[in-house]
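Given as structure tokens, the chain that follows is alone and in the form predicted alone.
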Amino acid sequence: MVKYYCCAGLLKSSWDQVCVAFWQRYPNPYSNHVLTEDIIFREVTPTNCLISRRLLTKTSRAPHWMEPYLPKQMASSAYIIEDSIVDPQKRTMTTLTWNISHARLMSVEERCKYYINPENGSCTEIKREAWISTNVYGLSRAVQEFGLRRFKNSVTKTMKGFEYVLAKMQGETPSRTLTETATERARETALAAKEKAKDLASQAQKKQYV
């Protein structure tokens, strides 16, 4: 069973600027979870399309109920493959990313297409699709819901990171306010507390049937 999700985003910068920012978006204040990025290969096709594959290493804190299924040395990190095609003639950039760590427990595939907004040529439209699947019997719904929540949170940070890098490229001085930082940390703390509460409730329910 696969859970599908689709959303759209808009960046108030030209397609050319977004393409440049795409390769310069790490590091930024919203991507502290991205540890490394390495180019595996890159080539230009006869039609002048740029094809790239990169390996990204990210921190990936698993929920408490998932940790017993993960090796201890891998419970807090994940490896991601990112393929991309930049087509300067069609003015599109398409990316496909998927995790190679913990794929049996949860697989997340994401496809993004960046193209010129048809109503405003100075803006860039992003169509984002995701497929979340798992092979964990009996916990598939919980794993997929967890994956979807994490994916949505990641999309929000990705867009903020893009806007930060684009502003910096255009000579502005982007910065995170103390209020914004505190609010984000409060949300993360609340989310962690919510996950812990679910774990405790699940454990309590199991004990009732023992």
Partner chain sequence: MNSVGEACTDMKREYDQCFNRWFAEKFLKGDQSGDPCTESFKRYQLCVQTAIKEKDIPVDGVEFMGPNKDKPES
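Model, not experiment: these values are computed from the prediction. Numbering follows the first chain given and starts at 1.
The form predicted in complex with the partner chain is left out here; the points below concern that form.
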159, 50, 148, 142 - the one with a heavy atom within 4.5 Å of the partner chain in the predicted complex: 50
4.5 Å heavy atom contact, residue 153 and the partner chain in the predicted complex: no
Contact test in the predicted complex: residue 117 vs the partner chain, heavy atoms, 4.5 Å: no
The partner chain contact in the predicted complex: residue 44, any heavy atom under 4.5 Å: yes
Residue 86, heavy atom within 4.5 angstroms of the partner chain in the predicted complex: yes
Within 5-31, the residues that have a heavy atom no more than 4.5 Å from the partner chain in the predicted complex: 15, 16, 19, 20, 23, 24, 26, 27
